[in-house]
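Shown next are two forms of a single protein chain, provided one at a time as C-alpha cells under the names structure 1 and structure 2.
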Structure 1
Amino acid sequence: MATAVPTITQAMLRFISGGAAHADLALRYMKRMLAHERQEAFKLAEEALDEGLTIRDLYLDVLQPVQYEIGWLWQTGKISVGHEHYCTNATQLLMASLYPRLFRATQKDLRMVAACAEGELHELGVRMLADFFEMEGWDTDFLGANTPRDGIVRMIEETGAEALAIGVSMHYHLSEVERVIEAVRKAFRGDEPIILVGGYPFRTVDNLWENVGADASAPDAASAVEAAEALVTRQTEAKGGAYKHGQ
C-alpha cells in the first residue's frame, strides 16, 4: 500500500533555518522521518557521526530543532498526530541506539535523577538532557514520563543524587512540578539536591522556574549542564568543600 507523505516546503518551517548549523542534515533527517523511512533517517545520523559530527551537535542542531519543527507542523495542520508520534518514537529509538557512544572516560562522581512529573507524558526532552549529563561525566538515573512524586523522592534518597531535573511540556503540569519540588525540599531539608526544570513552559515565560521553586532552568541541555555544575560547585563551597549529598 502506498503511504501519503506530507509535502513540506521551506515556507512552512519555523525552527530549521538555512543558516543554522547542520540545518541541511536536520531537514533531510526530518523528511526521511515524515516519509516513514526511519532506517534511512538513522543512516543519515550515523553517517554524520562517523564523519565527525559530535553527538552533542547531533542533539542540539538536528534532533532538537527537528522535534520543535515536527510539533510546529502538527500545530499548523501540516502533519497528523500519527506523524508526530512516529517521529518522536523513532528519534527515541535512535537515541537509545547511540547510548554506547555517550560515555566519557572521565567520570565526575556526580549523579542526577531526571524525570517527568506525574501526568506528563512527553519525555524526549528530559531524556536528551540526561544523555547530555552522561556525556559530561555524570551518572544519571532517567525515570521517564509520568513519575509519581514519592518515586522521585525515593530515587534521590537511594542514589544520593546531587541534582534533580524535571521536564514538563504542558503548562497545566506545572502545579505538579511545584509539588515535586516542595516534596524534595521537605524530604532533604538542608541537604537537598539542586533542582533544575526545563521544557516548553519555561521557554515561553520568563522566570517561571523561580515561581515553581526550582534553582535554575536552561534553554537547552548543554546550558543545563553548565548551570548544574555551577550550582553544585557553589553548594559544595558553601558546605566547606568535599560535599557529597547523602553522606
Structure 2
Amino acid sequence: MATAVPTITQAMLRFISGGAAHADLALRYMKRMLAHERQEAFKLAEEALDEGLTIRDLYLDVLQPVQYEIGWLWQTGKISVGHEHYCTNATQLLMASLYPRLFRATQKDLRMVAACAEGELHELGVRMLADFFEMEGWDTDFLGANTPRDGIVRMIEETGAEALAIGVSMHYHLSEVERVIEAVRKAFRGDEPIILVGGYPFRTVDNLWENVGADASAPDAASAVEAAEALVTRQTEAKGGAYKHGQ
C-alpha cells in the first residue's frame, strides 16, 4: 500500500527559505522524510558530508531548520502527528549514526547538562543542542525527555557543570521550566551554572527567557554556544578568575 505524502508548498514554509545556506538540501531532506523514505534522506545527508559539508553546517543549515519546519507544519495542521513523530525519530537515528564524528581534538574544559523539563517528551531539539556543544569542544551530559527537577540538580552537583540547557516545545510546560530554574538557583545559591532555555515558545515570544528566570536563550545552536561561553567567561571574571562549584 502506497504511503500518503502530504503536499508541501513554499508558501507553507516558515524556516526553510530559498536564500538560506543549503536550503535546497534541507528541502529535499524534509520531503524524503515526509514521504517516509528515511534511507533516501540519510543518503542525501551522507553524500553531502562526503562532498565536503561539515557536520556543523549539516546541523545548523539542514537538520535544525527541517525540525523547526516539521514542528510548524504539524502545529498548523499541514501534516499529521504521525508524520511529525516519524520525521523526528528518523532524524534522531541519523544524529546517532553521526555521533562519532562530533568530537573535536581540542576540548575546552567546559561541561553542560542538557535536559527536557518534567512532562516534556520532545527531546530532539535539546539533543541537537547538546551535540552541537560537543562539536564546539564541550563535554555534555544529555538527560533526555521528562527529567525530574531533582535529577537535574543532582547531575549538576555530580558533574560541576558550567551550563544547564533546558528544552521545551509547548507553552504549558513553561511553569515546570520556571520550577526547575528556581530549584537550581536555590540549590546552588549564587554558585549555579548559567542557565539556557530553548524551544518553540522561546522563538515565538520575545524575552520569554527572562520571564522564566533563565540567563539566556538563542535562535540556533551556534548562537547558544556563543551565549554560553560569553556568560561563563563573565561569571568566571566576576569571581576573580576562580572556577565555580565542582572545579
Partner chain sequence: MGSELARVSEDTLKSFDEVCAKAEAAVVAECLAADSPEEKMGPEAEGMLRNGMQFVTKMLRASMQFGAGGILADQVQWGKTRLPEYGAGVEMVRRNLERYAEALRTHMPAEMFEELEPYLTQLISGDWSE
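If you're wondering where the values come from, they're calculated on a predicted model, not measured in any experiment. Here, residue number means position along structure 1's sequence, counting from 1. C-alpha atoms forming the largest set that superposes within 1.5 Å between two forms make up the rigid core.
Note that the form predicted alone is the one shown as structure 2, not structure 1.
Residue displacement note: V225 has its CA displaced by under 2 Å between structure 1 and structure 2 (rigid core superposed). After superposing the rigid core, the Cα of L13 is displaced by 2 Å or more between structure 1 and structure 2.
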